[in-house]
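Next up is one chain by itself, shown in structure tokens, the form predicted alone.
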Amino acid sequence: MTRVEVEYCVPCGMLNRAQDVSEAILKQFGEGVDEVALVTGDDGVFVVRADDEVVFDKTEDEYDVDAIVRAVKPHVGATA
């Protein structure tokens, strides 16, 4: 099963974005994911990982919830 981690900057006020991403992932994949975890960070971080692989990093990608969900999709249902 897939574990998704959304690491977000607390001082930057990115909690709402992190919640939006986690909610979209849960709505799209439901029980197809084991866990969606919110991980606190700082220094402007906003990174989404699926099974420890970075699928979104705000320093490299434009924020788009739908694009993030699409980036997680290949990890859902993948067998190890």
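Throughout, we count residues from 1 along the sequence that is shown. Remember, predicted model here, so these are calculated numbers, not experimental data.
Keep in mind that the form predicted in complex with another copy of the chain is missing from the display, and what follows is about it.
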Problem set entry | Distance check, residue 30 to another copy of the chain in the predicted bound form, heavy atom within 4.5 Å | yes
Problem set entry | Non-hydrogen atom contact residue 11 with another copy of the chain in the predicted bound form at 4.5 angstroms | yes
Exercise. Just to confirm, residue 73 within 4.5 Å of another copy of the chain in the predicted bound form by heavy atoms?
Worked result: no
Exercise. Taking 4.5 angstroms as the cut-off for heavy atoms, does residue 52 touch another copy of the chain in the predicted bound form?
Worked result: no
For this session: Heavy atoms within 4.5 Å of another copy of the chain in the predicted bound form is the criterion; list the residues of 10 to 37 that meet it.
Result: 10, 11, 15, 16, 19, 22, 23, 26, 27, 30, 31, 33, 34, 35, 36, 37
